[in-house]
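Okay, here we've got a single chain as structure tokens, the form predicted alone, with questions on binding and movement later.
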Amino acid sequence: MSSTTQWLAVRKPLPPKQTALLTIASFLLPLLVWCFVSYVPFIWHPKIEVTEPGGVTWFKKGMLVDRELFSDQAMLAAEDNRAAPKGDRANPVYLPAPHEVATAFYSAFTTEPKRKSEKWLHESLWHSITVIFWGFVLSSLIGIPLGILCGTYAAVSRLNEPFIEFFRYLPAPAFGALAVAILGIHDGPKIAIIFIGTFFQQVLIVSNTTRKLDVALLEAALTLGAKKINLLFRVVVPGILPELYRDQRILLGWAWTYLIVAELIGTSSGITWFITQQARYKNFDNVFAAIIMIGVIGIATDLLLAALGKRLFPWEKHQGNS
């Protein structure tokens, strides 16, 4: 098989070396674009960072101004025989360079909060993880059994899925005010938003996964005298378990997407509070660092669950799914 054919093989697993190269490239390519935008002046540097204010009294060292405004002020200074300001082309403050974000990523964990009422970043992160955990666990405790029942029994499906199909289109954040009124201003409404955001999707996804189970297995079990309750626990659940596990990994990612909105409800807390505070003071290097932290935690969790899945379901390895 030629090299080109190997790379473009249709629905066939790639060799380990090629898989590793493409995985690395998927992260390197966006990073390279970010580096080009940040470090190559003629690509995108619409601002000027003032290095010497010169005769422009309102310029300050380190200040970012538009290039056109800087040019106009330099011309006015020259016409009035004042010292011309000096500056370097720079990115706008809302897109810090990679090295600035990397520095912020480290310093955010080592810098003590300025106010006693504020929490360390690791404490805020742990609080957010706790909200995600309880919201998703409560959603799964109800959503998984209901989804399996809907996928197994047509009567249960007709009783529940039409309303769930309707409700899943309602945006979870719309229930924020109601959640605060019922559950208070602390973590209750935040957990409720995570629950609402994942529960209805979870029921539909799990029911669809259950319906994919080979009906011949069910017929064989019934022929051999299996009772309805045994059919669920001896045939249906073991038959869908690997796919159900993968569904939960995907749905956990959805839970993370609702985190920012959930934590804006009621009292400010968690990683969202850190992001909003840093954005308020235009510390966008910290904002980007916090956003990347969420991604790192998410991908690390998913990789951990994928590794656990390989141990729990070793017979699934040949399918090439992690």
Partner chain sequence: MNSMELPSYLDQADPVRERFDRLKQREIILEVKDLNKKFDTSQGQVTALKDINFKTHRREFVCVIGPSGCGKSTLIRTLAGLESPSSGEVLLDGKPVFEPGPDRGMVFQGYTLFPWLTVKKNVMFGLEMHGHSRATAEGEAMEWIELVGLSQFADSYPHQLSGGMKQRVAIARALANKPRILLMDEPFGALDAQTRGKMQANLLEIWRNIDITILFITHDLDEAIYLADRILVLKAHPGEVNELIEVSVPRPRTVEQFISAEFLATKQRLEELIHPPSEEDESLPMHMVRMAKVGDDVEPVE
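All of these numbers come straight from a predicted model, not from anything done at the bench. Positions refer to the first chain, counted from 1.
There is another form of the same protein, the form predicted in complex with its partner chain; it is not shown, and what comes next is about it.
With respect to its partner chain in the predicted complex, the three residues Leu222, Gly225 and Val235 uniformly fall within 4.5 angstroms at the level of their nearest heavy atom.
Proximity of Ser71 to its partner chain in the predicted complex: non-hydrogen atoms within 4.5 Å are absent; the residue sits far from the partner. Within this chain, Ser107 is remote from the site of its partner chain in the predicted complex, having no heavy atom within 4.5 Å. In the predicted complex, at least one heavy atom of Ala216 sits within 4.5 Å of its partner chain. Of the heavy atoms in Pro15, none are within 4.5 Å of its partner chain in the predicted complex. This chain appears without its partner; in the predicted complex, the one residue of Pro145, Pro173, Gly188, Gly239 with a heavy atom within 4.5 Å of its partner chain is Gly239.
Between the options Thr103, Asn230, Asn208, Asn160, the residue in contact with its partner chain in the predicted complex by a heavy atom within 4.5 angstroms is Asn230.
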